[in-house]
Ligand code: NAD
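Take a look at this one chain, the form predicted alone, written out in structure tokens.
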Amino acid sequence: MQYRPLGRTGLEVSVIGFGASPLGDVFGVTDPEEGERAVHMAVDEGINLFDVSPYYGVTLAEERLGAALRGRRERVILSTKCGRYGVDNFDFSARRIAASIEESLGRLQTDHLDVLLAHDIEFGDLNQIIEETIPAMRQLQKQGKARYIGISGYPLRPLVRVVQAVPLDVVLSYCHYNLLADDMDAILAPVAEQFEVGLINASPFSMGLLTEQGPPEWHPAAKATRDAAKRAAEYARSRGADLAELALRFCFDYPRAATTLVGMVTREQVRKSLRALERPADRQLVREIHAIFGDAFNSSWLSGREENQ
């Protein structure tokens, strides 16, 4: 396993991060026992960053991850989130943040978190995030309930604004650095480096677009983007490659992100991530895939409040 520093936190995180949202059945019903075995394998293979949220499966993912990490908690860097609790259920108030961490600690069967992130801040009032949410999270840090704090979200500009406005330890961006998009590198990464904030990259498959089976029906990408991704998967297959594995390696090679979170819920998915890390990157094939994407490259979708786009 390879490790990188997470900003100025002093934490060394594995370049493969365990995204635990699938434990909450958010991509389909899963086998909880296999999910637990996947967590155990990941820990044994040196994957040390585990990220979850009360939103995933409406607390189910946290409950399952907490159970799976019994006896292994001291071997991992555990991250969860606050502020988002349902599709349209957001509360970034100081009072809710304080209650949320207590609930998460109980489900995760631990007395502290290593990282606490405000979840999908584009759905909140950024002034509240800056003036109320982050200070409340700092209080939890002082109480020893969270070692480090940060923010997460999809649109890049709100993340940049908050990083520039208030001291943070970590920022998580998803779907903005993978085979289909690299705008995080120009917009967010330089700001994270300037302020020494640890950068977490998430969703190397762009929420299923960069896989053989394709995205779920609810995926917000435009039809042209979906079609381009399907052509890319077919082309990779014709070259004897798997688009998802190519996508994984592309993200693992990105040096400005400390880690890339990969959603995993089976041992085979853990093995696939490990294989991608072991095999050399095919840069020529990556260039050919990028050519297939054409205008779909760096396309995005709306997420959050209108004023935060």
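Quick caveat, the model's predicted, so the values are computed rather than measured. Numbers for residues come from their place in the sequence shown, where the first is 1.
The protein also exists as the form predicted in complex with the named molecule; that form is not presented, and the subsequent description refers to it.
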Of the listed stretches (137 to 145, 106 to 114, 167 to 175, 93 to 101), which one has a non-hydrogen atom within 4.5 Å of the named molecule in the model of the complex?
167 to 175
Candidate from Ala189, Leu179, Ala229, Ala202 lying within 4.5 Å of the named molecule in the model of the complex - any heavy atom:
Ala202
Let me know the one among Met207, Val76, Leu156, Val162 whose heavy atoms come within 4.5 Å of the named molecule in the model of the complex, would you?
Met207
Decide whether Ser152 counts as a contact residue for the named molecule in the model of the complex under a heavy atom distance cut-off of 4.5 Å.
yes
Could you confirm whether Phe250 comes within 4.5 Å of the named molecule in the model of the complex, counting heavy atoms only?
no
In the model of the complex, does Ser21 come within 4.5 Å of the named molecule, counting heavy atoms only?
yes
Answer yes if any heavy atom of Val39 is within 4.5 Å of a heavy atom of the named molecule in the model of the complex; otherwise answer no.
no
I have Tyr56, Thr211 and Leu261 flagged as a candidate spot, so tell me whether each of them has a non-hydrogen atom within 4.5 Å of the named molecule in the model of the complex.
yes
Could you run down 69 to 102 and flag each residue that has a heavy atom within 4.5 Å of the named molecule in the model of the complex?
Lys81
